[in-house]
Every structure is written in C-alpha cells, then in structure tokens.
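Before any questions on how it binds or moves, here is one chain, the form predicted on its own, in structure tokens.
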C-alpha cells in the first residue's frame, strides 16, 4: 500500500505520533474483499492471511505509514467535553483507490494513546462485528458511510462487564474530521490553528471553496450542512437510528461514523430509542434532524472568529444559513418520502398524504420496512395490495388516487419505489444473533452469510427471507451499548 500522510503536515498539536500496541495472536476474522480491490491492496498482502493479520492488527507498520492519534473535543449528550480524541484508534495514513480518490485507513481498538482518558484502548469482537455488518449494510442501502476493511481477532481478552475476545477494526473513511475537531481549537481560542484546519478540510472535501476569499467560511458551513442533511435524510429513509449523535460523531464529509449504540427502527415511531445510554431520548429516530441542526450551530460558532473579527457581523453572516436549515431539510426529506411513495414530482397536498401514511404506521404499530415494501409490491401484486390496505385503510386509497393523478407511468413509479424501499435491512435481532454466533463459534460463517444478503438489499435472493422477519416482541426490550 502506498501511504501518504497529509494530516501530519499540520502542526503536531493536531495529533499525537503514537504506534499501535502489539497484540498477542492476530488472525483475520472478517475481510472485505471488494473494498480491498477498490483500495488496490497488493496481491502479496491480500493472499497472505498472516501478513494481513499482522498489518491490520497494528503489529506490523506498513512502509510509508506514520501512525497518529488525532485530537478533538465534542458535545456529548449536550455537554461540552473540551478534550476527547482517538483514545483507542490509530490513523495509519491515506491511500488512493482505483479512481484516484483518497481514503483514511484507521485501526480501531489498537491500543492506548494519550487521549484514552483511562480506557484500555481496546475493542471487543462483538462491537467490531457490529461495525463491519452495519457499515456494509449502510453502504449497499445507499447511505454515505465509513466502511470496514477488516476485523482481526487479537488472541487477547478485553474486560467489559464480562471477559470478551478482543479485536481490531480497520476503518476506511474519506477523512476523520469532525465538528468536534474544530471545537477543540475554537474552545481554546486558537484562531490560527482553526484557520489551518478549515483550509485543510476545504482542500480535502470542498476544494471549490478555496477561491471564494472572505466568504469561504460561510460557504463551508453551507456545504457541510448540505452533506449532513443528505446523510440524515438517508438515515430516515431506511429507519436508521445513530444512537450517539454527538458533535464528535458528526463528520465534515457527511459520512456515517461510529456504529456503537446504533440500531434500525422496526415498528414506526419517531420516539424510538434503543441506546442504553440515551436515557432521555435525545437521539431518538425523529429527533435526528433537530439534533443535526443543533450540531451545525455548534460548528457555526467555531467559524465565527474567522468570518469576521466583529462577532456581531460574523453572526449576521451565518444566521441566514442556519435559519435556512429547516426549509432545506424539509425539501430533501419531502423528496425522499415522495420517492418512497412513488411520487415522481411533488405538489401541494403531498405533505398531508405523507403525514397521513406515517400517522397510520404509528397508530397501527406497523413495521416501517415491511409496510413500504408492501406498498412497492402492491403495484404488481393484488395480494400485497390487499394486505397493505388492511393496515393503512383509507390512506391506501388516497395514495393510489394520488398515483393515478400524476403523469409518471407505472414503470417509472415502480422504479422509484424499488430504489427507495429496501426488501431487507440489518434487523436488530438478526445482528445480535450473528454477533452471538460469531462469539460462540469463533468463526465468521454466520456473519458472511448475513452480509451476502445485506449487500443486495433491494432484491430478493434465495436467502433474503431468512432475515426479513420482524422480531416477535417488536424490539420492545432491545438495548444497544457503546462497546467502550
């Protein structure tokens, strides 16, 4: 692999140079062959399981890699923590893929750093398998996401509530820059470092902004808002609940990051929370748009001193961008929900129809994925139409009337809905079964079988039906945990 290390070109107070802590007995547990092809992993490495395990456990530092741990801050459940950082992760560097696009390669669970805050710097196998499964599922659902290249077992024990087998995850991201990265320097009043970080981030993700002069920071805010709106709208499309939408988990690139206490919504309810640490429901499914707005306001606060030395003038410039959030989110959300319902173009009254459908789902305690899949199937199946009409009642008739009212032909409507409504998602109970099987057997057989289905979420494979069933208890007692 040919590493570059652009982040190490910044001053050393942006990161700590630190090497992963070697592990006792590394073995490849999960390997992402298609991602490895994209990243052009050398054949001599790909075809040597021992070499792969050594490289992606952190035991062997590949040529050109300069491992670092990055520093950042963040609002965690609304409370500001002035210093966080990579407490169990090492950024190895960046590589170019087949199309010349750059990607960060990061090891997670690779040992302590000065940002560990008393933690052991390690990751257990269960959370590692969860991150691999969930990030692959999100990728093929069409949701912007970080991905996993590998999960390596370490041959060591990690102690949480109980002793657990240890693992290291290799995470691939377009960058690991977070709103919290900017908050770290803004909270210290280090405007020079903040300016350096902004130019680095714009150069990496929004190079078109570098020619905008004094307005570039306002445009930067707007661009990050655009990417994050697109991301959260996609979460809402497939029923994803992040579970820990802190500012340190909100990326500048607009990718999903951190699959700790995440989950998928089954029965539709905007108040759905599964995270054991989200006791107040701050990051419930329906709260995610509002939390995104809150996080973006925190990002705007970081940029104020760069926009104008006069604080009032700076606020005056960012206020219109932040005030436009609701309209911008609503526009993208409506387009997304319109596609889920087969509406090629929206018109007055469609919001009322969408709200009526969602109300019927909530009041009837209907499964989000199953219901939209049935609506899609109802376009060609009388049995599906009859089944979903029993659930939706008069709302189903209103929807069909609206479809007849548009110019789009049936094939176009079907295509819209097939592309928007998955037939299978990584349902929580199946994720847990796969994780448990991985721990009990010490093999990835169940995970690989699950992944084959999740990589084709919009088509029916022979094994798809094995993973479509909603949980018998409606996930009523389901809880997810952070894993640290």
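Positions refer to the first chain, counted from 1. Bear in mind the structure is a predicted one, so any value in this text is a computation, not a measurement.
Beyond what is shown, the protein has a form predicted in complex with a small molecule; the following relates to that form.
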**OP:** Would you please decide whether residue 289 lies within 4.5 angstroms of the small molecule in the predicted complex, comparing each non-hydrogen atom pair?
**Re:** no
Subject >> Close approach of residue 365 to the small molecule in the predicted complex, 4.5 Å, heavy atom >> reply: no
**OP:** Check whether residue 331 has any heavy atom within 4.5 Å of a heavy atom of the small molecule in the predicted complex, and answer yes or no.
**Re:** no
Original post:
Should residue 258 be counted as a contact of the small molecule in the predicted complex, where contact means heavy atoms within 4.5 Å?
Top reply: yes
Original post:
Since exactly one of 93, 342, 85, 126 fits, which has a heavy atom within 4.5 Å of the small molecule in the predicted complex?
Top reply: 85
Subject >> Contact assignment for the small molecule in the predicted complex, among 119, 203, 78, 213, heavy atom within 4.5 Å >> reply: 119
**OP:** Quick one: find which of 68 to 76, 221 to 229, 294 to 302, 400 to 408 has residues within 4.5 Å of the small molecule in the predicted complex by heavy atom distance.
**Re:** 68 to 76
